[in-house]
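Below, in structure tokens: the form predicted on its own, a single chain.
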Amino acid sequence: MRLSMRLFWLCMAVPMAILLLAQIYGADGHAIDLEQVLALPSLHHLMGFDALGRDLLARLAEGLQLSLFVGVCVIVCSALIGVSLGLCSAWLGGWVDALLMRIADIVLSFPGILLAIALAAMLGPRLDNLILALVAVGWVGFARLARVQVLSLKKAPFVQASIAAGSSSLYIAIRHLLPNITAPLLIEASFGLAAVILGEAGLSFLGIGVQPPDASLGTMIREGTRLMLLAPWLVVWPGVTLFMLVMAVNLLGDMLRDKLDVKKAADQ
């Protein structure tokens, strides 16, 4: 646990430093200075300039904020949809359960990233379409996890006692079911956030995600590959930032799993 914590803060140091330094220097990531095209890093511009003369540090900070914004939006929407459907599926059972799980199986039959690429390409390269495409893929994991957890709690004595007392299904879901499945859902959300950040970067790298002039780590890597031999920092800094951010989120998921794993804690 201590090692994971140390690695987490080590990985988070890079994104946090970028955001902090961008605030201190206050450069505009959209301002173009043609005299500074591909200029080397300096004291006043710590990461240099890109091919259009834009400050790379400011654009990295914008790309980080956008990645986190997309990740949080997708995870929240996916969790709301997935948990609601999974809870209804497990509680109602019958044809409702069969229908919802068959839909989930259809979505899972396609590789997630390929399905997201297809949806984003059909909807068009816009930020809201990118979020919608990632939500269409991400809700399944929450739905299946919620269904399994609710099925294990459905016959629990406290749930049966609440049913016998005449409580409504909505009350039982909010009062008894959701609080008892929060821990595994938080773990799922933490690992899902890392996958969403990678998915957004991948779609933007392919040109069907975030579009210029908006900054995205994937878009910055794609633009930098054309000049990698001439200005390698255009690829190195976005790549390192993306790697550190995803590693930090994954380590956070590991720590949450160790902290919230009731069965493991009981064994110890």
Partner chain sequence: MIQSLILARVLQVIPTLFGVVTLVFFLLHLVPGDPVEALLGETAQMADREAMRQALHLDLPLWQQYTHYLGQLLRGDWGQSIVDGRDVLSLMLERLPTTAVLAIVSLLLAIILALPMGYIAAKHAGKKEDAMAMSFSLFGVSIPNFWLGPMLMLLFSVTLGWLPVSGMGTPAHLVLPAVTLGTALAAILSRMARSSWLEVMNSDALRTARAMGVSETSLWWRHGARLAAIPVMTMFALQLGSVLGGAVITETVFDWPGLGLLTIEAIQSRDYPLVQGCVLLIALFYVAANLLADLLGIILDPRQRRCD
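Residue numbers count along the first chain shown, from 1. Everything numeric in this text was worked out from a predicted model, so none of it was measured.
One more form of this protein exists, namely the form predicted together with its partner chain; it is left out here, but the text below deals with it.
Comparing 46-54, 235-243, 61-69, 30-38 against its partner chain in the model of the complex, the single stretch with non-hydrogen atoms within 4.5 angstroms of it is 235-243. Taking 163, 121, 98, 148 one by one, only a single residue has any non-hydrogen atom within 4.5 Å of its partner chain in the model of the complex, and it is 121.
Only one of the listed residues (247, 14, 256, 22) places a non-hydrogen atom within 4.5 angstroms of its partner chain in the model of the complex, and that residue is 247. For the chain shown alone, residue 212 is not a contact residue for its partner chain in the model of the complex, no non-hydrogen atom being within 4.5 angstroms. Among heavy atoms of residue 115, some come within 4.5 Å of its partner chain in the model of the complex. Within 4.5 Å of any heavy atom of its partner chain in the model of the complex lies no heavy atom of residue 87.
Under a 4.5 angstroms non-hydrogen atom cutoff, its partner chain in the model of the complex lacks residue 5 among its neighbouring residues. Across the proposed site, 110, 201 and 229 without exception bring a heavy atom within 4.5 Å of its partner chain in the model of the complex.
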